[in-house]
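What follows is a single chain, given as structure tokens, in the form predicted on its own.
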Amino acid sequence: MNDDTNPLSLPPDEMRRLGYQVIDQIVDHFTNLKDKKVLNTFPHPEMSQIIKPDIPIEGQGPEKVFQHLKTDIFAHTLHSDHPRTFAFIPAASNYISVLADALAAGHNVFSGHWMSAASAAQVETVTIDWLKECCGFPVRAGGIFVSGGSTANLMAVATAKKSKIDNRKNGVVYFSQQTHSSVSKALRILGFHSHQMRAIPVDDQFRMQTDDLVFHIQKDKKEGREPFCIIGNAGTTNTGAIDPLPVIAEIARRFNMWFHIDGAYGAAAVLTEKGKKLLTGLELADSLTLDPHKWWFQPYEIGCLLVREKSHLKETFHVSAEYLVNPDDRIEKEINYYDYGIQLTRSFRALKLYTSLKVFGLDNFKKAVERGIEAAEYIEQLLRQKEGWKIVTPAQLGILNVVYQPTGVGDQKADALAKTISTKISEEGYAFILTTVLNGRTVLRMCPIHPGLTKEEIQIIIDQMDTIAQSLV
């Protein structure tokens, strides 16, 4: 060390100037998003020419690099926050949360340990308490913010295993055929084999058939296996279907099993009157996955796991280390979140949800969710009025599935039409719609839950779909 100069520092004036440029770019993104093509990704040969693999030995300077980020990287993505992204579960963000995320990164807060950031731990605890209250969980419940629903589901199964069968090897988990793929992945990661996973058939509304569930539980018990966990859906990704949660909760109690609910996107509908009725039984879960970066309008990454008995999380994930001081061994309310989840080093994820709820208030979040539910219902209404369109699954929790099949068009042709319509819509760039498969049929799946989507835009999209469909037949 020859001097005191930090080689990774910039003068304050330069930091401010670059910061203002970044803020301008973010504001332009929010302001002009509707004018952008929804999907603008390139094949690998083109992207490998734009983003070179060579490691830079000498710096190029911030101006050139930030221009590269703007024109070459952020310009070539799917805008999952675009109002006309109907594929997957769209992820509408909000500017306040973006600013809060920037502050959390700028202050580089380590939110795993009370001693390192008591304020961050308290913000996370308070925000978790708000979500508990919204979902009807008891005061003794707890939770933790994680990267997303995949991690939350994995941690839920790990907690269920620790609570119900500990280290025994013959446990069985039950879930519906419409359950998200993250559950199967979580089970594989945790060491479960295919013979320990039961995908229960669904009814004509794509909900778990509870008679089949009971049959398989009883059969496994007779054959010496240990049924220990049932996973219900509060809004499936394919159709928005809600499993019969109160019935599943009663079955779980009867057989002394853990009841986990995957409500990664759908649980947010509990904010609305309609959603609260549809989601009756949400409050009965032993654990619940929800993703604020989906229908709570937060930027990636922020998922959440709620657990009815907070102590179960610490029993599952606490590991001692001689260099870690544990204030919550002395004071119960001083929580170390590294004891309640997978990560030791954790970013300050809670800040963005906390800040946006404080700024906008829960009522505005409720209105935003209601707009998504109403948008899907409006799309269904418009398509029912157009000749040749069939509603495969009606609008539920902001999702519907449709197919274009006029008289004389067989199933195989209709399946091919769905794929072609999806491709042409996406190529034109005004909207982004993908297909899924239900009961062996390829259908167009639509999830229009961005709160900035307008009726005028919906009408344009439906007319565009109809024009393309008619041109193909």
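Since this is a predicted model, take the numbers as computed values, not measurements. All residue numbers refer to positions in the sequence shown, first residue = 1.
Just so you know, the form predicted in complex with a small molecule exists too; it's not on screen, but the next bit is about it.
Open item on the list: Quick check on this chain: which one of Gly281, Pro83, Gly341, Gly148 has a heavy atom within 4.5 Å of the small molecule in the predicted bound form?
Closed with: Result of the distance check: Gly148.
Open item on the list: Quick check on this chain: which one of Gly372, Gly143, Gly235, Gly275 has a heavy atom within 4.5 Å of the small molecule in the predicted bound form?
Closed with: Here the answer is residue option Gly235.
TODO: With the small molecule left out here, work out from 98-106, 308-316, 292-300, 214-222 which stretch has heavy atoms within 4.5 Å of it in the predicted bound form.
DONE: Contact-bearing stretch, as computed: 292-300.
Task: Proximity of Leu397 to the small molecule in the predicted bound form, heavy atoms at 4.5 Å - done: Contact check for Leu397: no, nothing within 4.5 Å of the small molecule in the predicted bound form.
Open item on the list: Can you tell me whether Ser182 touches the small molecule? I mean in the predicted bound form, with a 4.5 angstroms heavy atom cut-off.
Closed with: Looking in the predicted bound form, residue contacts with the small molecule include Ser182, since a heavy atom lies within 4.5 Å.
Task: Contact of Asp262 with the small molecule in the predicted bound form (heavy atom, 4.5 Å) - done: Asp262: yes, in contact with the small molecule in the predicted bound form.
Open item on the list: Can you work out whether Asn153 and the small molecule are in contact in the predicted bound form, taking contact to mean some heavy atom pair no more than 4.5 Å apart?
Closed with: Judged by the heavy-atom cut-off of 4.5 Å, Asn153 is in contact with the small molecule in the predicted bound form.
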